[in-house]
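Form predicted on its own, single chain, as structure tokens, below.
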């Protein structure tokens, strides 16, 4: 089927967020093929409200056609869900997985409750949808358990590029992690490892790049940094521009991800694309994202993590081999290849009559 219109729905649209940037990229690819496409949200964001619409505006902004497909990005509970359940157009889910509520409940009980509601919504959406597009087999397996067997695994595209200007690595050996400051990202495990690593590499630095999603968790992390006397070693940058993000990758020596839950792992691939060796904890979709291109660890005790980082930082042959493998791995996730797979997935749907 060739769709006349493909409209995307997302709980909210945040630029710089993996889901937000992916939503914008999908719309860009749809428009390139002259397919009408709007983005509808449950909650408007001040920074993106000029390019989105409230879901209730759909009737006035779109042209009725039986060749209209709805794409719903499932990431959290949303008022969009019930609206979509009541529509008659064919539906494809783009499932990004949920952070397990038990990993967040001690930090934000309301959000944990919201995620449990999202899980209930997902069961209804899985019954309503014709297909689902998942960015990992790990995510697809979650939908298969709900009975939605018609799933396609289409990873997210890796769009980051090297800056035009030359970026020199930091004079200090630097560990980088990129991600929202949220409990499932396990920042504290990197901090604990850094404290131990300082006994071997005194001038080691840690840079955390990403927004603060949980103020209570961020407060805990800053107190931990103080308790371990790492104020001169650990930096939280907050959100940065795309250019600055690329410079962060190029300035570091090791990328370390110790997350307890990732539905995919865009920063892992960004790091590899820009020539940074990756050490990651074996959890959720991380091993699938990393492949054999990085160092996957099953134990993230401070001793294990510090030993792994020290080895990569001091063994140049190992580091070069990991960089080469990572660049080769990241090349698989090119924009053209991913766009082709998305269109193949949505065009595989059977004709649907309103």
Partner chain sequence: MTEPQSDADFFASVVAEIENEAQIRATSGEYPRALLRTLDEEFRRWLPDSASQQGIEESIRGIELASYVDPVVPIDSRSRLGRKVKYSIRRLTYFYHRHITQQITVLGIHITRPLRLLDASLKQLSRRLTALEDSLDVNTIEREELLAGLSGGKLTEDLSAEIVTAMSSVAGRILMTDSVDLDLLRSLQNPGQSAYGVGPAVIPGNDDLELRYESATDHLNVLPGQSLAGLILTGMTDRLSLNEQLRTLRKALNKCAPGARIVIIITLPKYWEQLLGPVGADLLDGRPLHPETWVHLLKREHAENIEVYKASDQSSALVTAILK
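Positions refer to the first chain, counted from 1. Bear in mind that the values here come from a model prediction, so they are computed numbers and not experimental data.
This next part talks about the form predicted in complex with its partner chain, which is not shown.
- With respect to its partner chain in the predicted complex, the three residues 42, 51 and 251 uniformly fall beyond 4.5 angstroms at the level of their nearest heavy atom.
- Only one of 207-215, 163-171, 233-241, 185-193 lies within 4.5 Å of its partner chain in the predicted complex by heavy atoms, and it is 185-193.
- Although the partner is absent here, residue 333 is a contact residue: one of its heavy atoms lies within 4.5 angstroms of its partner chain in the predicted complex.
- For the chain shown alone, residue 119 is a contact residue for its partner chain in the predicted complex, at least one non-hydrogen atom being within 4.5 angstroms.
- Interface membership of residue 200, defined by any non-hydrogen atom within 4.5 Å of its partner chain in the predicted complex, is confirmed.
- Within this chain, residue 29 is remote from the site of its partner chain in the predicted complex, having no heavy atom within 4.5 Å.
- Out of the listed residues 146, 246, 181, 224, 224 is the one that sits within 4.5 Å of its partner chain in the predicted complex by at least one heavy atom.
- Contact residues in stretch 240-276 (any heavy atom within 4.5 Å of its partner chain, taken in the predicted complex) are limited to 260.
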